[in-house]
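In structure tokens, the next block holds one chain alone, the form predicted on its own.
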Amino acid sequence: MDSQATPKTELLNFIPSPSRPPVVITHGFTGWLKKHLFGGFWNTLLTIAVFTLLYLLLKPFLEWSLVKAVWTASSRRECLSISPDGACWAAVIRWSNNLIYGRYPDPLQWRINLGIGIGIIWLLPLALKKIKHKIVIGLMAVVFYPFLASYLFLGGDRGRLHYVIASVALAYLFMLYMNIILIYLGKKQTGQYFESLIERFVPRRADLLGHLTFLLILSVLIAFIFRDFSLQDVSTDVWGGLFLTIIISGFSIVMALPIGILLALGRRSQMPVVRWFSIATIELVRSVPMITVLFMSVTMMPLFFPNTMDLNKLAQVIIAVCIFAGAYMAETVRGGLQAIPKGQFDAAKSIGLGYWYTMAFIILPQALRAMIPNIVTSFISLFKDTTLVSIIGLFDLMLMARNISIDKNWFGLHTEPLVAISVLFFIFCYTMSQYSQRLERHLTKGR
């Protein structure tokens, strides 16, 4: 009976748990400030010191550039009479048209705006998720857009072949946006309407032939509509400003990567002639500064052509800059190719792929993905290095900014134009840097 007795209950003593630390706000603007700027004594002290130093450094610049600046004036003397210690932005505002378009005639500047606008419109589909074959769109832009843009920028009689290619470029742009509209409406694309008819005669690749048929019909129609359309001739001697800088850097950036890939593959080639030619080109160009290459292109290139041939200085400069950029890009590409494991090459051989298929579909996509930061860094450096063309007499953005200081109304004004073009270069370079980071995150998302 005693073993089955009810056990005695004991009074449990209450022991309070230790106090919890206060909740730390880690979200919102206040939380970000506490975490990154005021997270402790030394962190707070360092934040105060840095902001104090920035205030002492930026205060004189902000007073000069904004508080005491002069925005409206007709001469530098008037600026000095209004505010002798402030920036004279009136000169930059008065010269803004020349800084953008150079000496391009004012009534014809709509052609530059239209040409650059067409280029932007052409590349916009690359950002749409539903659009496929983006590589084809980019390649078509590289191949056809220069003919259409040069037809607008230069004007005059460009020749029948140039006119035909420009018509094909405009037709392709129209067809591209017609297909985009049809895709978002959920309907068949333009070339698919010809596919059933073409299948009767050519069963294979009827879809591709359908698109080409529609492109041909649209090109003939556009060429017929604009057959009497003519533009006033504008020589490249009057090109300048930001427009000329974009033209030179744009061509160089587009051509630098394919030239670099070819030279890098040539340097790794097993054929001695191709290998030594690539090595000689890369080492010769990389051993001299860019200004030397520019002077050689202007002074020595005419020696290899007949005396009756008048070479265009802008074309010579673009060729020189493309070769210079391609030689540096070749070493970047070669470094990316060497980073690919040898097993990738062996795997491609095991499934029967040849050299070019291996490079195009297996090796280069991996190498280029890993080289995005280095490639964009080269592009940014190239965009800034184009200012050297001002030394050989091309009125790019830098030379147009220098011309402000020799204008009789703004004589001796040097600082404000240089600050203005520095801001422009920062905007372009920062945009390229941010786009490269976005592209890098997108390509590595599924890895």
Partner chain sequence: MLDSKDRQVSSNRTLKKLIHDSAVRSKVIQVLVVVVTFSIGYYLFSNISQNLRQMELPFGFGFITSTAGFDVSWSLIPYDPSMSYGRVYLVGIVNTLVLSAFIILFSTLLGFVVGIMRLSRNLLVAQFAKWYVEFFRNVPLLIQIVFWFIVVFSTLPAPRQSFGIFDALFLNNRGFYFPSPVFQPGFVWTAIVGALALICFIFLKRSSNRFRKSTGKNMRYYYQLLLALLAVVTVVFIGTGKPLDWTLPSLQGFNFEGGGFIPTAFAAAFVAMTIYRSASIGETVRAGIQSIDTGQLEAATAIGFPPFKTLRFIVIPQAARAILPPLINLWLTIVKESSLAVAIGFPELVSVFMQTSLNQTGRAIEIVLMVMGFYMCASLTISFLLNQYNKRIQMQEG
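Under this definition, the rigid core comprises the largest set of C-alpha atoms superposing within 1.5 Å between the forms. Numbering follows the first chain given and starts at 1. Remember, predicted model here, so these are calculated numbers, not experimental data.
The discussion below concerns the form predicted together with its partner chain, not included here.
- Among residues of the shown chain, Ala69 is not one whose heavy atoms approach its partner chain to within 4.5 Å in the predicted bound form.
- Contact check for Val274: a heavy atom falls within 4.5 Å of its partner chain in the predicted bound form.
- Among residues of the shown chain, Leu46 is one whose heavy atoms approach its partner chain to within 4.5 Å in the predicted bound form.
- Contact between Thr387 and its partner chain in the predicted bound form is found at the 4.5 Å heavy atom cutoff.
- By the 4.5 Å heavy atom rule, the three marked residues Leu124, Tyr163 and Pro373 all fail to count as contacting its partner chain in the predicted bound form.
- This chain lacks the partner; the member of Phe147, Phe194, Tyr328, Phe174 within 4.5 angstroms of its partner chain in the predicted bound form by a non-hydrogen atom is Tyr328.
- Taking a 4.5 Å heavy atom cutoff to its partner chain in the predicted bound form, the contact residue among Leu284, Ile225, Ile135, Val142 is Leu284.
- The stretch from 76-84, 151-159, 100-108, 291-299 that comes within 4.5 Å of its partner chain in the predicted bound form, counting heavy atoms only, is 291-299.
- Contacts between stretch 296-311 and its partner chain, counted in the predicted bound form as any heavy atom lying within 4.5 Å, involve Met296, Thr299, Met300, Pro302, Leu303, Phe304, Phe305, Pro306, Asn307, listed in sequence order.
- Fitting the two forms on the rigid core leaves the C-alpha of Leu353 displaced by at least 2 angstroms between this form and the one not shown.
- A movement of the C-alpha atom of Thr415 falling short of 2 angstroms is seen between this form and the one not shown when the two forms are aligned on their rigid core.
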